[in-house]
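A lone chain, given as structure tokens: the form predicted alone.
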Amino acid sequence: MTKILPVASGKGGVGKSIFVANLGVALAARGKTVILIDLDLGGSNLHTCLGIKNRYSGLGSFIYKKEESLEALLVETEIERLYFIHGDSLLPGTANLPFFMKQKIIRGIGRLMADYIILDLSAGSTYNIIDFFLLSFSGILITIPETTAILNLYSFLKTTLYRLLHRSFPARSEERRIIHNFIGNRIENSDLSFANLITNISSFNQESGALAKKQISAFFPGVVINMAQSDQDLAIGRDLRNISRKNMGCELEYIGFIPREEGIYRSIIERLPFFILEPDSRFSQSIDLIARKLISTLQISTPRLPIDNDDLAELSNTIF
């Protein structure tokens, strides 16, 4: 069974593409067939993190109908079982996809065959990014232990849940009108939460309210804290979890706690993923732990909901 893993961040500069490249290598090293797709269409650079020269056709060729399928764009890397699709940010217009083209790319992704398809998404909270992220209820969110990054990630989560609920109902429906009206309310530092929104929808139609509640319950993204310097950075993770749970009814699972690695950019210069360059580093060990968690998750039908931040503490004990 193919598992699609969209990887997003609230802001740039948190090491998302480096994370995606090294996670792909780690999964391939564990015998999984992996396809990495650079969907950072406004500034694709995943090829650099993989050490691949930008000389192959990418998504721009698919968008402009030079290639009929995403499969035709697959590039074999030097790593066994790891494949790559370029983003083509140098072609004009690729960052501003019309709805029908976004849907075409989504259908194309669904036709690819691999154990894992990992999507490196642009930073930010535009609907194009969010719609790609919603290809899975269990995408990965990556952040760093800095206030601005955490706030932007929280904003991404909130916008994603609004978008999820909005797309769960037909166009011009009363449910969409209720959701649209609720968006104008500030839920932070107030008595309002997504529970109130679900109540409003249920007041109109109980089945619609049940669907909205089910959609939020099914949304269970994994969070990776990158560039951590001590287990004190776990406090930021706890705060994000608590406010997401309180305001949105959204559960988060912390699947990775990656220590700051000062030499990480040497891998860009040497055009070799750090997981290969320094396999015994704490960075590489953390990436391998995430890969093992993802592989084991495929064998679990119902995700375990972490209680009392035990997953955060477990990650800290493993790394520090």
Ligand SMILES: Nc1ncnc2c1ncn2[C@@H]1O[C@H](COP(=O)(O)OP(=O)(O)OP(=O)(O)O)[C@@H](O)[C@H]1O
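Sequential numbering from 1, following the sequence displayed. Small disclaimer: the values here were computed from a predicted structure and weren't measured.
We do not show the form predicted together with the ligand, though everything after this point is about it.
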Of 34, 50, 258, 59, the one that lies within 4.5 Å of the ligand in the model of the complex (heavy atoms) | 258
Could you tell me which stretch in 106-114, 224-232, 77-85, 152-160 has residues with non-hydrogen atoms within 4.5 Å of the ligand in the model of the complex?
-> 224-232
So in the model of the complex, does any heavy atom of residue 123 sit within 4.5 Å of the ligand?
-> yes
Heavy atoms within 4.5 Å of the ligand in the model of the complex: does residue 40 have any?
-> yes
Mark residue 45 yes when one of its heavy atoms lies within 4.5 Å of a heavy atom of the ligand in the model of the complex, and no otherwise.
-> yes
Can residue 283 be called a contact residue for the ligand in the model of the complex at 4.5 Å between heavy atoms?
-> yes
Since the partner is left out here, which residues of 1-32 would have a heavy atom within 4.5 Å of the ligand in the model of the complex?
-> 12, 13, 14, 15, 16, 17, 18
